[in-house]
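One chain comes next, on its own, written out as C-alpha cells in the form predicted on its own.
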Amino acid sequence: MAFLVPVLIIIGGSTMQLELLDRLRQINPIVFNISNFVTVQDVANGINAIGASPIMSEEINEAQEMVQLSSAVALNLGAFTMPQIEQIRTVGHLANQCRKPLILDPVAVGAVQYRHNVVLELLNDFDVDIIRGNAGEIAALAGVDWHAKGIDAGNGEDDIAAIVKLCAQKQQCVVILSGTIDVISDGKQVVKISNGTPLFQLHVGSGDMLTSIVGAFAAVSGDYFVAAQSACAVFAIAGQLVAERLNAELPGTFAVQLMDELHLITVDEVQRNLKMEVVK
C-alpha cells in the first residue's frame, strides 16, 4: 500500500497541503457540475486531466442521484435560463443536505444586474463553501463599486486583498479572486499566489476549469481554505509552465498543452515554482 507523505508549505502561519494533488489522483473524486455550455468540454477535460472524474447534468429529475454519487458540486452561472436556475437551487439544497462541498462561480455578476439579483437569491437559499470569481464578480458580492465588463474582471482602485476578505466575511465562505494574482481568503486570513500567465485571459474556459478543479480539491480535504489554495497553486503553475515553453501568444496551443500539464504536473514542480505570500 502506498502512503502519502505530507508536503506542507508554511508561510506566515498559513499552511498549504500540496499532497492533496496526489490524494486527489488516488481517490479520483467525482465532481458534479452544472456547467456553462460555452465551456463545458474544457471543464470536463480539465477535471479529468487533473485526476478527478467529471459528471454533467441539466436535468432536475436526476439531481438527487447526481449529488449523492458525487464528492463535490460545482455550480457555474455562465449561461442560464429560469428552468436551470430551479435546477441550480435544487442541487444547492441537496448538496447542503448531503454535506457535499459546494463551489459557486458567479459569472458576470458584477456586470449585469439581473445576474446579481439571481446570485444573491441563490446565496440566501443555500450555503456555499467556496466562491471563485474575477475581481469584478468578487467586488460585486462584497458590495464594493467596480467597473466590470462582461465576463472580464474590469477595473477598480480598491485594495484587492481587502475586497476578498470582505466578501468572504459577508458570504461566510472561502473566496477566491482569480486573476494575474490569485487572492484567497476565509474571512480571517488572506493568501496571494503570484504564479500563472496572461495566456489564461486568452482562453475563455480557464476560470470555469479552475472553479471545478477547486471542487476536486475540496472533495479530498476537510479544510476548504487549504483546498482552495492548493487548487489555485496547481492550476496557476501548470499554466505558467506551459507559457514558459511557448515562444509567442498561442492561445490554441496553450489550451491543449494546459490539459497535458494538468495531467503531468507533480507536487515537486508545484513546490519548486510556488510564489505565495500571506497578506498581513
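Counting begins at 1, following the sequence as shown. Remember, it's a predicted structure, so these values are computed and weren't measured experimentally.
Just so you know, the form predicted together with a further copy of the same chain exists too; it's not on screen, but the next bit is about it.
Judged by heavy atoms within 4.5 Å of a further copy of the same chain in the model of the complex, the contact stretch among the candidates 183 to 191, 134 to 142, 95 to 103, 108 to 116 is 108 to 116.
Remark: L202 counts among the residues lining a further copy of the same chain in the model of the complex, judged by a heavy atom distance of 4.5 Å or less.
At the 4.5 Å threshold, heavy atoms of H263 reach a further copy of the same chain in the model of the complex. At a distance threshold of 4.5 angstroms between non-hydrogen atoms, F80 is in contact with a further copy of the same chain in the model of the complex. Using a 4.5 angstroms limit between non-hydrogen atoms, S35 touches a further copy of the same chain in the model of the complex.
At a distance of at most 4.5 angstroms from a further copy of the same chain in the model of the complex, none of the three residues E19, Q271 and L274 contributes a non-hydrogen atom.
For the stretch 23 to 56, the set of residues having any non-hydrogen atom within 4.5 angstroms of a further copy of the same chain in the model of the complex comprises N28, S35, F37, V38, T39, V40, Q41, D42, A44, N45, N48, A49, P54, M56, in sequence order.
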